[in-house]
Ligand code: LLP
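Single chain ahead, written as structure tokens, the form predicted alone.
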């Protein structure tokens, strides 16, 4: 039997989340279905706020851009790290104040930079090209925009290569040995005001030592930038703290993250005689373990393996296909039953890689059963698509036995709503 996450229960052999029977949810709202525990999000955010009481916590909106989630975090005092105009728009709509938003991104369009200027949010500048473009746009608008430079600190976070963002070869940021000269140049340009420094070394990090290494490297740069006469208002260390997807994994806590960063940050800022605000950007830790994806069994087939065909595919949860990532699979209507057979759970997408779980010991699986894929809150719906002409599923938010739809299920109209057939083909 699987090990229950501490916000899940088994009741009458059914999986229960925040007081809601998952089988009843599947019957009422249909499958596939994302289900998110509101209280768990607040608890996770609170853990970060307690570990870093003097820091600002900017939620990484890319992890899960649900407007309802952004709203509940805004009410908790969160800021936002955004990576597009869409994320910026939603963060502002959700009530996150513009002064607590950092517009990140390695290849922002001129349109996005214009929107950053119009809204007055801070921008994490990723290149000298972007610096000059932003300066020109701001000057034309008659505004001055506060900026940070994103630093590539060349730190290996020992995570999946596709989510290692602080390596020397990464597309993100300005090399550490070039960034001081970028600040020097920026301080002489109109329309922009360098006031912060930013880095992000990766995602799903389970060892805190890279955070310490990155903090030392960043504070070395902070010292050099301070010598230029530039007063930094903030140091944004990103985040990337991982969660335990597998039973044998142990993940650091926000307190462990704080222990890796704060001693260095406090000692170095005190020595420099400065007091910039520390910013953290957790995403996965806030939402990753809060959400399950419910999917119904369409078919069970004995072939080279016992294949369980379900109605969700990698169009809804791409992480196992993209990263070979692990998600617990639970037969939600038999959650308390003992495992009987080994199964491989596969989706309906026309791709061999559309597999959620390989060779899992589960209770006897039958057509109509409901499978729950756990820890699907981060980079689940936010990376979804309509591949194979499949409308995306609904999302439900649950709290203490109450369920609310926070995203309606798409239908065929959503597949064709923006399409047009040229008149010559009619």
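As the structure is a prediction and not an experimental result, all values here were calculated from the model. Residue numbers count along the first chain shown, from 1.
What comes next is about the form predicted together with the ligand, which does not appear here.
Undergrad: Of 223-231, 187-195, 238-246, 338-346, which is the one stretch near the ligand in the predicted complex, taking non-hydrogen atoms within 4.5 angstroms as near?
TA: So the stretch in question is 238-246.
Undergrad: Please tell me whether the candidate spot formed by 79, 85 and 100 is one where all three residues come within 4.5 Å of the ligand in the predicted complex (heavy atoms).
TA: Contact check failed for every one of 79, 85 and 100.
Undergrad: Is residue 323 close enough to touch the ligand in the predicted complex, meaning at least one heavy atom pair within 4.5 Å?
TA: Yes, residue 323 is a contact residue.
Undergrad: Answer with yes or no whether residue 390 is in contact with the ligand in the predicted complex, where contact means some heavy atom within 4.5 Å.
TA: No.
Undergrad: So, residue 60 and the ligand: in the predicted complex, are they within 4.5 Å at any heavy atom pair?
TA: Output for residue 60 is yes: heavy atoms within 4.5 Å of the ligand.
Undergrad: Are any of the heavy atoms in residue 52 no more than 4.5 Å from a heavy atom of the ligand in the predicted complex?
TA: Close contact is absent here: in the predicted complex, residue 52 is far from the ligand, nothing within 4.5 Å, heavy atoms only.
Undergrad: Only one of 357, 394, 383, 68 has a non-hydrogen atom within 4.5 angstroms of the ligand in the predicted complex; which is it?
TA: Exactly one listed residue reaches within 4.5 Å, namely 383.
Undergrad: Find the only residue in 210, 252, 283, 173 having a heavy atom within 4.5 Å of the ligand in the predicted complex.
TA: The residue in contact is 283.
Undergrad: If we check the ligand in the predicted complex, which of the residues in 90-120 reach within 4.5 angstroms of it by a non-hydrogen atom?
TA: Contacting residue: only 104.
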